[in-house]
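The chain that follows stands alone, in the form predicted alone, written as structure tokens.
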């Protein structure tokens, strides 16, 4: 299999603004159409036109492991304030401290959007990702065509079958399968997408509408990890281990 990754950005007066990114695991015959679709996607993104597009196509020497998709649910939510209260309540029930929740909130609401995710210890609330600007990426994941069709059907029944939801669910499911991770919270930096989520092995993939106001450019991703966990195996699994998601 091949891992295809695309990242699009635009230079500003202060930094490189992240525009869009996507990736997946694909068979050889799928490569041409996949690359074309990815390029069309970044050129039509709501964050604007990029001036740099990087495409990486990497052969996977290691065979992927199979990981089940998380169950999906949506919580009714009418405002960002309510969304953050819901998230705080769920995390507190998971024995994640207020100190850690506050640290995560600073990452998720920052206007300085990270490329990757922050790793935050569940009790002391320390950020332990090695590079605070880059963060930790969740990479080398995908889903077979037959499994994607099943996923599309199940999401269609919930009226949420979009590319955005599918990709977020795949990413959250890989992360939740990592032993050291307790929970994930994500807010998209897309100004037109205002549904975030909280996810974990025990709670599933929980969508939260109106997690931010429309046109907000901020967003981020945080992983709460077990206090005693070694971050190196976690980072290696998230970034390097190939995973194929499947319907449970």
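Numbering follows the first chain given and starts at 1. Note that this is a predicted model, so its numbers are computed, not measured.
There is also a form predicted together with pimeloyl-AMP (WAQ); it is not shown, and the following applies to it.
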Exactly one residue in 75, 165, 128, 90 has a non-hydrogen atom within 4.5 Å of pimeloyl-AMP (WAQ) in the predicted bound form; which is it? 165
Verify the contact flag for residue 190: yes if a non-hydrogen atom of it lies within 4.5 Å of a non-hydrogen atom of pimeloyl-AMP (WAQ) in the predicted bound form, no if not. yes
Is residue 38 part of the interface with pimeloyl-AMP (WAQ) in the predicted bound form - any heavy atom within 4.5 Å? no
Do residue 201 and pimeloyl-AMP (WAQ) share at least one heavy atom pair within 4.5 Å in the predicted bound form? no
Residue 178: heavy atom within 4.5 Å of pimeloyl-AMP (WAQ) in the predicted bound form? no
Please pick out the stretch from 63-71, 27-35, 50-58, 180-188 that is in contact with pimeloyl-AMP (WAQ) in the predicted bound form, where contact means heavy atoms within 4.5 Å. 180-188
Checked 88-127 against pimeloyl-AMP (WAQ) in the predicted bound form; residues with a heavy atom within 4.5 Å, sequence order, are 113, 114, 115, 116, 117
